[in-house]
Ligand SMILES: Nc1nc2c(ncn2[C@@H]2O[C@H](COP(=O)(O)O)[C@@H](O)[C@H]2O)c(=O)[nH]1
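To begin, one chain is listed below as structure tokens, in the form predicted on its own.
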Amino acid sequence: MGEAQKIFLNGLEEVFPVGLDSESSGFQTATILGEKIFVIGGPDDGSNLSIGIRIFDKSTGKWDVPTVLGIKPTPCKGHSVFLIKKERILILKGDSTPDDCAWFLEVDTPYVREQKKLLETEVVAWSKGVKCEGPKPIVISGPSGVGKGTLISKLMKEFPSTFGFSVSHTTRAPREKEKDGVHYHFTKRSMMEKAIQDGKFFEFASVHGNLYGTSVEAVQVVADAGKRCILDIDVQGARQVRASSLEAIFIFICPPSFEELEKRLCGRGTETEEQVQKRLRAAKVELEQGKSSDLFDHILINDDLEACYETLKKLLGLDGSMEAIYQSSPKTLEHPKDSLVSDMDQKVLIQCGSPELGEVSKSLFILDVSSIKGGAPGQTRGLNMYGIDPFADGLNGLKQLQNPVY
């Protein structure tokens, strides 16, 4: 079979003949799940390693390169892997900051199984691991003219450092005074279709020949800024988000009556009669779907704007006097290069140290993944990290850090 190559199999060395994997070299890890071996890594050329994915099928003796969905992690200098619940692989990146060291490769989650059926090919999906610090995003839906845009504007104005708005993508051309990245992310259709195929959108729809959608990245940008994300989308989009891994609060805004909605739309004076009737037909469908399904957690009637706004604030836990600000993960503590990692019942023991400073600099941490939620195409939330006092005995040595490292 020729020269053999070493691959680290959950901490143990395995030998794979080059005859089966002639294009591989460098540091790689392999995780066994049934008849499949998921190999993660890339060539070692003295720089950062790319994080490629290949699958070896033991039953056929053949390699496969799967379709990889989700936002991929940046290259790193080595990594460790652990199989979690036989459905996803935890990847700890070496030499990374705390908010970028933990990633999950989903290999047999419901999302991956669904995508396999749709794409009719082997599929895996990336998801970034994060602490569950902030409140749930808010999905606000309602027919045109119901006042949801005004309610969102009032929230953003009163609580500017609490809420952030996800900027949607579209393939249509920008209109006068519209700015890219502010009103929409204007993109080419081919690029957006590719991103949708790669699982990088929570929801999307074709409207009058143009694509519109909310990307995973657009929601994550708001969360990374330490804000609570607001999504203003239609009922069809809300249904897609509900079916995704994103845990959100779904609120439907409706008028006191259909006649009142018609009055508001006609009162705008900005559209032709034909356009108004088209919006009214769409509104009738949205009202029926919004009220009759279990899609929405709350239904608000916008009879009086100020009263509706106060009800909305109450639902979101806001009293109007103090903003519920939460901080993103600290970015100052690095995940050192020489880390000794072992797993124990969904808890990963990490020994970190700097070779320049020697043994005295080493620290022990436990990464707890027992309470994770969500996943691809969004983030995997619920990670917890604890520090261990190496000089204490037993459980007395385990203490949650007052300032978590992740």
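Because the structure is predicted, anything quoted here is derived from the model rather than measured. So that the term is clear: the rigid core is the largest set of C-alpha atoms that superpose within 1.5 Å between two forms. Counting begins at 1, following the sequence as shown.
Missing here is the form predicted together with the named molecule; even so, the following discussion is about that form.
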- Task: Heavy atoms, 4.5 Å, the named molecule in the predicted complex: which of 119-127, 227-235, 80-88, 106-114 makes the cut? Say which one.
- Result: 227-235
- Query: Is Gly199 close enough to touch the named molecule in the predicted complex, meaning at least one heavy atom pair within 4.5 Å?
  - Reply: no
- Any chance Ala205 has a heavy atom within 4.5 Å of the named molecule in the predicted complex? yes
- Task: Indicate whether the named molecule has at least one heavy atom within 4.5 Å of a heavy atom of Arg279 in the predicted complex.
- Result: yes
- Heavy atoms within 4.5 Å of the named molecule in the predicted complex: does Ser168 have any? yes
- With the named molecule left out of view, choose which of Arg172, His185, Lys72, Lys313 has a non-hydrogen atom within 4.5 angstroms of it in the predicted complex. Arg172
- Note on the structure: Heavy atom within 4.5 Å of the named molecule in the predicted complex, from candidates Gly164, Pro137, Gly213, Gly290, belongs to Gly213
- Query: Three residues, Gly142, Lys148 and Arg268; all within 4.5 Å of the named molecule in the predicted complex via heavy atoms?
  - Reply: yes
- Spell out whether the Cα of Pro110 moves at least 2 Å between this form and the one not shown when the two forms are superposed on their rigid core. no
- Message: Would Leu261 count as moving between this form and the one not shown, using a Cα shift of 2 angstroms or more after superposing the core as the test?
- Response: yes
- Task: Classify Asn210 as shifted (yes) or not shifted (no) between this form and the one not shown, where shifted means its C-alpha moves by 2 Å or more with the rigid core superposed.
- Result: yes
